[in-house]
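Same protein, same chain, two forms; see structure 1 and structure 2 below, as structure tokens.
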Structure 1
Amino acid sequence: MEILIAEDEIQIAEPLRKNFLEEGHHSMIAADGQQALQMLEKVKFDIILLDWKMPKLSGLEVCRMVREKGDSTPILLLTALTQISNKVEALNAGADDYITKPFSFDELYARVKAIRRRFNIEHDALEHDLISMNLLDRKVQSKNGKLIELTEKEFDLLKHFIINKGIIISKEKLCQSVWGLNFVPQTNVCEVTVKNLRKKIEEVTGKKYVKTIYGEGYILIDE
């Protein structure tokens, strides 16, 4: 993910950046609201973290301005205040969630992932690391913007992998959800389709996401 951290206190922003990097996400730090808006002009972020109290423009103001522009990038407001009225104010300004300082990175990261999940469901999208699938027009893209041209079967296969990311999928399950069969066919259609899918994905992303678990099935892993 590409994350914008708008936070004037560097002792908060910098550890966040490092933690996100360890999780495999790139982030940029904006020292104030104005700078945040500038960066938003140039870069398309996956999520925006806004400190409520910032020099020049508050996080709440930035949030409102982003929404007024019609930008629906997920926004998470960070704040020291705890009143419920603030939460309401945040949501009214168009923020997706609200977290009170101090918070652990794990706590923040869980929220970020939850917001992304919600956002994707709303947009009929699925994503996995560098891959994003649009379920409506059935287009698959790499995060570098390159299209991954998949056939119907390959698309269904990838969709099933992403929905079940991190868990082993048996060939039975695969046949059922992609081919609509209640048995494993005598031929090796699954294997062939997996092969072709793997090839197309690697050509664009350079990564090997689909692992084989000998005697058990396949699994989609993070890298």
Structure 2
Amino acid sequence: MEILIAEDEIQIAEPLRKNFLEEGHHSMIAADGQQALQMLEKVKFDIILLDWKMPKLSGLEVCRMVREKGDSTPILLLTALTQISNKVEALNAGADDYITKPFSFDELYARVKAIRRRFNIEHDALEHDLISMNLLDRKVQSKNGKLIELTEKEFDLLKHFIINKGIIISKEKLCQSVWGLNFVPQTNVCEVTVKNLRKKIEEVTGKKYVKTIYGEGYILIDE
């Protein structure tokens, strides 16, 4: 992801930039709201982190201006304000989420990924690490552009895994959600489809994303 961190406190912004870099994402820092708007005119970001109280223009003002331009890039507001009315104001201004300082990077990163997943679903796409899915033409490819040829059920299975990333999904739940069955068939169709999906993804990406949790089900992970 390409991330804009609009935060005037360098002791907050710089650690965030380094943490995102460790997760494989590139970040740019804006020291005030005006600089943030200038950077948004030049760079297409995947998500925008805005500190509520910044010099020149506040994060809330930047958020409103971005939305008035018709830009739908996900926005997460960072603030020390804790009242419910502040959160309502942030969401009404067009923010996708709101996190109160102090916060851990793990919590922030989880929210960032959740926002991106919602955004991708709304825009007919899903992503997981090196994999991207186009939900309109039902094509899956790695980030280097190599196609991953999937059957219809393998595609539906991967979609379900990405939407529920990090959650253990039972065989019963997969049969219900992917095959539309209210029971587990006597055949091993579920296991075979998961095995084939796992193999095809690994052949293209070199990574094992789908993990079997014996006695519980399956889970999609960041390898």
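Whichever C-alpha set is largest while still superposing within 1.5 Å between the two forms counts as the rigid core. Note that the structure is predicted; figures quoted are calculated from it, not measured. Residue numbering: structure 1 sequence, from 1.
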*Just one question: which structure is the form predicted on its own?*
2
*Would you say E9 moves its Cα by 2 Å or more between structures 1 and 2, aligning on the core?*
no
*asked:* Would T205 count as moving between structures 1 and 2, using a Cα shift of 2 angstroms or more after superposing the core as the test?
replied: yes
_Once the core is aligned, does S170 move its Cα by at least 2 Å between structures 1 and 2?_
yes
*asked:* Keeping the rigid core superposed, can you check how far the CA atom of N134 moves between structures 1 and 2, in angstrom?
replied: 3.3
*Keeping the rigid core fixed, work out how far the Cα of Q186 travels between structures 1 and 2, to one decimal in Å.*
21.6
